[in-house]
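Listed next as structure tokens is one chain, alone, in the form predicted on its own.
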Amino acid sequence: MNLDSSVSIENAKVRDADKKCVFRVAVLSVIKHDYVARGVASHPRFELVVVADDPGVQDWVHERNQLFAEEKKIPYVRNVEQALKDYAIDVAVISTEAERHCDLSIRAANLGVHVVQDKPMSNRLSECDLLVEAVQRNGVRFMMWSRNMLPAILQATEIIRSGQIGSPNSIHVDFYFSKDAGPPKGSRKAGDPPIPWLDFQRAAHIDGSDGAIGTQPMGELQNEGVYALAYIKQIMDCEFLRVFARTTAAFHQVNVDNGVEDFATVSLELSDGMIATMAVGRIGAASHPDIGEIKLLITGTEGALVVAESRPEVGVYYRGQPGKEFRHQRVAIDNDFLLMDNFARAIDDGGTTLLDVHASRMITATILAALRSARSGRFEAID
């Protein structure tokens, strides 16, 4: 895994242009979010050539896929295998409902296609195991999308690797996401029907305030906890062993009605005697002027490190500013390009990716164990 951020983006683009190898990309659905497909296309070695999905998906799924295809001026094919074969696809980008992630990834891998997948890997560990096997058997590269190439996370990783705070022994991550998720907790009146999960997520998708779209309700541990665990994995360079968690629906009625958490606290036993804790929650737009409060605290044998994930940033405030416009604007953000640069190198060299299939499976197993712990009230081993 190469985390070298010293090479400028322009130099990297020149290097990639010299390789004269552009990977042909199929976008296998954009119904969750299209930011992954857009992130893939930010790198000059990846060209979006087709959008595809299964013919039997619902009409609203076809509609979203068609709109994205029209925007990019590429065809939309209602047959995944046909699209992968007919368009000589090298890479599949998958951003469907979580329950379809592994199925599409496995089908792509079985055709020798590399996979970039939105998080979470799956909501079922058995499917993750099938995907691990398919990736290994077919010799393809896999990467789960992350925020691990943000400047603050890269710098924190470099500081730890250089030994500036000695040997790391603990890490804490606050991941407070400030987007709303519909009516606040307690707003439903007696006799009102529960808010249907999929109907709500479909409507909220328009302005980006949806959580985990899909038929199965999914709380913030599965939705945003992936990011926090990916930070821990990269910075501490560790394995996850046991987990203890507490969850609640503290803020949003849709989470209450569907029995999933919008806030969680997690304690982890890591390899080499290290420990990790994290607090993850969707705490509402009124709580923060930007995307949320995301910080890391790492302690070591010789010192400590406090990381503000959003830095560097610039605050912009003016009269008549739209209510949903972020006041704090991040700068020097090359996360998407750097993720795909890492992926391109992995394809070229046969190496590992930033969040490969094994790390992604471990993160999924950790989240599912945390949810079991929240129900049992005990530490749970991570499968």
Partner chain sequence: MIRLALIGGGWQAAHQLAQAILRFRELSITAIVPEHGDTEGEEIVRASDGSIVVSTLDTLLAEYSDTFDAAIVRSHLSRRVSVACLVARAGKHVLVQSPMASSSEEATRLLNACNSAGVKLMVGCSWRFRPSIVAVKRALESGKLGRPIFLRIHAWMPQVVSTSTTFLPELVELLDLSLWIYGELPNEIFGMAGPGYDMPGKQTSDLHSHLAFPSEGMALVSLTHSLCSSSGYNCLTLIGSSGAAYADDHNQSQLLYKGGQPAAIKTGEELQELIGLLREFTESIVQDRLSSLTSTEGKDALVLAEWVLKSATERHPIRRIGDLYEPRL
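Note that this is a predicted model, so its numbers are computed, not measured. Positions refer to the first chain, counted from 1.
This protein has a second form, the form predicted in complex with its partner chain, left out of what is shown; the following refers to that one.
Can you pick the stretch from 73-81, 92-100, 301-309, 196-204 whose heavy atoms fall within 4.5 Å of its partner chain in the predicted bound form? Contact-bearing stretch, as computed: 301-309.
Query - Heavy atom within 4.5 Å of its partner chain in the predicted bound form - residue from Ala181, Val266, Ile153, Met143 - result: That would be Val266.
| query | Pick from Ala279, Cys238, Ile213, Ile160: which has a non-hydrogen atom within 4.5 Å of its partner chain in the predicted bound form? | reply | Residue within 4.5 Å of the partner: Ala279.
Answer with yes or no whether Arg246 is in contact with its partner chain in the predicted bound form, where contact means some heavy atom within 4.5 Å. Yes, Arg246 is a contact residue.
- Query: Would Arg107 sit within 4.5 Å of its partner chain in the predicted bound form, counting heavy atoms only?
  - Reply: Contact with its partner chain, no.
My question is simply whether Tyr227 lines the interface with its partner chain in the predicted bound form - judged by any non-hydrogen atom within 4.5 Å.
Because no heavy atom of Tyr227 falls inside 4.5 Å of its partner chain in the predicted bound form, the answer is no.
Contact flag, Leu130 vs its partner chain in the predicted bound form, heavy atom cut 4.5 Å
Result no; Leu130 lies far from its partner chain in the predicted bound form.
Out of 342-381, which residues reach within 4.5 Å of its partner chain in the predicted bound form, heavy atoms considered? Those in contact are Ser376, Gly377, Arg378, Phe379.
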